[in-house]
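Just one chain follows, in the form predicted alone, and it is written as structure tokens.
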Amino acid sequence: MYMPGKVNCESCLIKSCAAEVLNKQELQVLSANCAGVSYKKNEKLFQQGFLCSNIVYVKTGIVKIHKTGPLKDQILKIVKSPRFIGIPTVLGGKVNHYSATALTPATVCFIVTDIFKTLILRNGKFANEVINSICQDELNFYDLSINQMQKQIHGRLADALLFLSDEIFESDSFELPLSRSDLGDYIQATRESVTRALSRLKADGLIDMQGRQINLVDKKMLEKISKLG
């Protein structure tokens, strides 16, 4: 982790949709109560069970949201910048309900929670953008939960590969940001099952895989597998 630095929200080229609706004075207030931090791959942005005092805005990079349960750590979602994370847990309490870890090098803005709340109260458009962000996150999480509960491993794996291709990297060729164990956690399968399923997809000519580098060769068939579950 690199030490916090000053930010200028007015000149920032990676503003959130919420920050885009703030006026000059509000952006100055935001800048005065915001610090930018750079993280290396695998560094934690915040940790479950620790006190939280800031809203987190991921400016660049990919981050995993994960939570420790009774048996093991579970990946809840993978998010791509630019994105707010942790708003419900910060506004709804004082302790982080889950952890966030950088899957790639990332730059993050930490915003003082009280200032964020003040902007919500004073600027209806800002509040609307924040609410829209929370609602979209919740709807996406519902879809993910249903798919993981009702699909077999090949369907869940196809879902994960298509999500990484379409939503995270916007490319049919990408470097898998998760280890086999983490990918297993994400789709609720064992590491061994994930390895076998990936090998099967490769043998069937649907993907090409060299280490962590993956190329989706037959995307239509992957979409069919995803649909059939």
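Remember, it's a predicted structure, so these values are computed and weren't measured experimentally. From 1 onward, residues are counted along the sequence shown.
In what follows, reference is made to the form predicted in complex with another copy of the chain, a form of this protein that is not presented.
Between 62 to 70, 164 to 172, 38 to 46, 192 to 200, the stretch whose residues reach within 4.5 angstroms of another copy of the chain in the predicted complex through a non-hydrogen atom is 62 to 70. At a distance of at most 4.5 angstroms from another copy of the chain in the predicted complex, all three residues 88, 147 and 151 contribute at least one non-hydrogen atom. Using a 4.5 Å cutoff between non-hydrogen atoms, residue 80 does not count as a contact of another copy of the chain in the predicted complex. Remark: residue 115 does not count among the residues lining another copy of the chain in the predicted complex, judged by a heavy atom distance of 4.5 Å or less.
Using a 4.5 Å cutoff between non-hydrogen atoms, residue 74 counts as a contact of another copy of the chain in the predicted complex.
At least one heavy atom of residue 98 is located within 4.5 Å of another copy of the chain in the predicted complex. Residues of 98 to 136 placing a heavy atom within 4.5 Å of another copy of the chain in the predicted complex, in sequence order: 98, 120, 121, 124, 125, 127, 128, 130, 131, 132, 134, 135, 136.
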